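One chain comes next, on its own, written as structure tokens: the form predicted on its own.
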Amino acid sequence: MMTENKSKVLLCTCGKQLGLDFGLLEDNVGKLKLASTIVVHDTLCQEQGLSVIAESLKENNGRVVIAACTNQKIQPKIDEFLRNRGLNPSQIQYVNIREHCAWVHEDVNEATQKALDMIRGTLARSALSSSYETARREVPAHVTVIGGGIAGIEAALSLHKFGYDVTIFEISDDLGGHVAKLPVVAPTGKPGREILSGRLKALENSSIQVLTNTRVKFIEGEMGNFTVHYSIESDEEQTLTTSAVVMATGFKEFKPTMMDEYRYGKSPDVITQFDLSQMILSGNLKRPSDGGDVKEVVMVQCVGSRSEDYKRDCSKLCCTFAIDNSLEILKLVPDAKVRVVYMDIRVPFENEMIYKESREKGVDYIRGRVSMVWEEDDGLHVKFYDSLLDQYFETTPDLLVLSTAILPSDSLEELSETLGYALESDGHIKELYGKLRRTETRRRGVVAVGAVTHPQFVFESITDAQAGALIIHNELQGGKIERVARGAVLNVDDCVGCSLCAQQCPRGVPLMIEQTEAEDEEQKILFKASIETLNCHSCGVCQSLCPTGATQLCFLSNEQLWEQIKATLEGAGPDYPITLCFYCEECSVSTMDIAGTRHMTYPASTRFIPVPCAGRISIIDILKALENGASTVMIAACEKDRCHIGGTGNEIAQVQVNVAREILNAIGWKGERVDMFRMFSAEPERFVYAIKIMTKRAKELGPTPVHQGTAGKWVEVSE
């Protein structure tokens, strides 16, 4: 270690409720060279304790180590208290000695030793810390909304209320999208145009710029400095500078022309629900083939939905569309016969009442399948199977209406190539984290609202749009971004232009910038990375992949983590095999904390080190842990496809683990010393199970060759 910066250590007894030997802790921590003074306090989270923390920041350049309960509980309270007093809490480091030590280990001595080791490691991390200040950046107070349907209009109006200049790009010649063509919007009972009318009037009375018949070709740049390339009615390309983008391009209805069994596209009397909606709205409910009256209608559900060939899951809206349209038909033709052929009816929320109303008014729901559709001289023929009666029926409806799948709009894949959001397997935009970070995408400054993420009812799209607008406002802060500069920083001189950071960043933050100035043209690196720290989400994936260490988190450098590993494992060896666990500060720490709250016991031969994301851990970090005495190393990460940073941090960590295992097997150290486990916060049993597996391996495998004293020694080869 190149520094001996000391930190003050505050030990909290949690109201004298923790089963640790605080006398021993105070005595031993006091002997550590990186600890300045030690204070034992009963309630650091209360007013008196908070005042002690505030006073402690005046020493050691603000370096403080707090050993208490989970930082998920205590840190927000401490941060608020200090910031309200103009103090900077950025160099406070936390050690959880309650949920991770006292509450999970029955042997007081072992629990106390674990707490001591983790405090020692955290002091080493603290010694190399530096404060990170609030940074400011002015950006245009302008947001671009792509899509002029209900979600796009609502997002634009919300952003306008927040004080932003807004431009709406709409590819068609009119606003309103699908909603404008709906005769009724469930559960309101109102036509779509009535739902839209107030919003359209508000648009007219605002300064929001609306560009119809406009196609967005691609978008480049980053949050605060996007450039939108677009054309109006195929004219020359134009550009617009904007600070954020709202994706609200809605959905498209599946057209089942390839499904010959329904005769769609061949018989004019076979239409989709949306076709029917337009007929009802226009008041022209007639047979398309000859203009005759409509007396009998057969509707077919799940056409293209819940199908391995077209759309694998339920399209959510189709049942409600069918029910709404069946009621509208009965309003226009009270004696009409309406049959709905279905396998399952799915109508959430208040729509259940509309389903009940339709049955009471005579709509006939038939559980079964359509087996054949054909045309004869007397018109359209439909044969269907009723599974409840176990019988086939044949009828000659005036209309066969197909409730077809809801698909993502055509432009999403094309725009994703430059805008950088991820797509689901079905083509919809992938939200950052469906449970906690909906509407956000992997690209900072880009939100997705409405049906671009999945099929949504109108009221859901409206709520989605309002939420997306609020996220944008929280990011841009009215064009005057001001936030703690906590994230990745780049030493451009060390960058070799490999582009791994730009390729693998879950949020698409690093950009590769062309180098236009160089003394030696032959040795010139054409592109180097550029990172805007204020756009960074602080996962550390770029750092774990960077071959030169050019990019590192300002709050957790390589040297900080390596020194923490070394100090935490001080004294580890063959007599007491240690399992070192790196855990992400999202689902994993919640899982571990719940295990502590429930007093679920597991072996004390464990040591924990927090990281912002599992993707921060590199192969070198893992090998450093083994080199410094860990017998086994585990990473506790979020569940698959649930990474809180952007869906890929834990997958990158898995790759690091896999490669580390291959290296260990190659050198004879046994790859099973390293493993990664996925966590759900509500299932603490997963963590306890994982810990027990790894501590068992530690005992079976014993110390690494480093601690057997054979590593690095020459071995003579006998003839």
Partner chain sequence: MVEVNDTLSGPVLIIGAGVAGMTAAIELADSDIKTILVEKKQTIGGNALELYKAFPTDDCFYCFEGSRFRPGIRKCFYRSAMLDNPNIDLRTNTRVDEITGNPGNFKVKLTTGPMYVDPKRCIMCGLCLKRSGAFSLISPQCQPQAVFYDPSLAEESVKEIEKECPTKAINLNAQSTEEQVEVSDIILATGYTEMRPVNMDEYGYGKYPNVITQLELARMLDPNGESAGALIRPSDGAPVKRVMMVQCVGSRDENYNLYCSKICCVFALKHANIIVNERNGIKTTVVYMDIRTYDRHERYYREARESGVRFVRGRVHLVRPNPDGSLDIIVYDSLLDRYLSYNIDLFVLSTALEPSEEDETLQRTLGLNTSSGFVAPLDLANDSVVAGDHVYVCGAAMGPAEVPESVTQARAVVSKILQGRQ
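Positions refer to the first chain, counted from 1. Bear in mind that the values here come from a model prediction, so they are computed numbers and not experimental data.
Here the subject shifts to the form predicted in complex with the partner chain, a form of this protein not shown in this document.
- Note on the partner interface in the model of the complex: the residue among 45, 35, 39, 664 having a heavy atom within 4.5 angstroms of the partner chain is 45.
- Comment: the partner chain is not present in this chain, but in the model of the complex one of 223, 382, 462, 184 has a heavy atom within 4.5 Å of it, namely 462.
- Residues placing heavy atoms within 4.5 Å of the partner chain in the model of the complex fall in a single listed stretch, namely 675-683, out of 60-68, 675-683, 688-696, 26-34.
- By the 4.5 Å heavy atom rule, the three marked residues 137, 527 and 637 all fail to count as contacting the partner chain in the model of the complex.
- Using a 4.5 angstroms limit between non-hydrogen atoms, residue 158 touches the partner chain in the model of the complex.
- The closest heavy atom approach of residue 590 to the partner chain in the model of the complex falls within 4.5 Å.
- In the model of the complex, residue 188 approaches the partner chain with a heavy atom inside 4.5 Å.
- Looking at residue 349, you'd find a heavy atom of it within 4.5 angstroms of the partner chain in the model of the complex.
- Residues of 126-149 include none with a non-hydrogen atom no more than 4.5 angstroms from the partner chain in the model of the complex.
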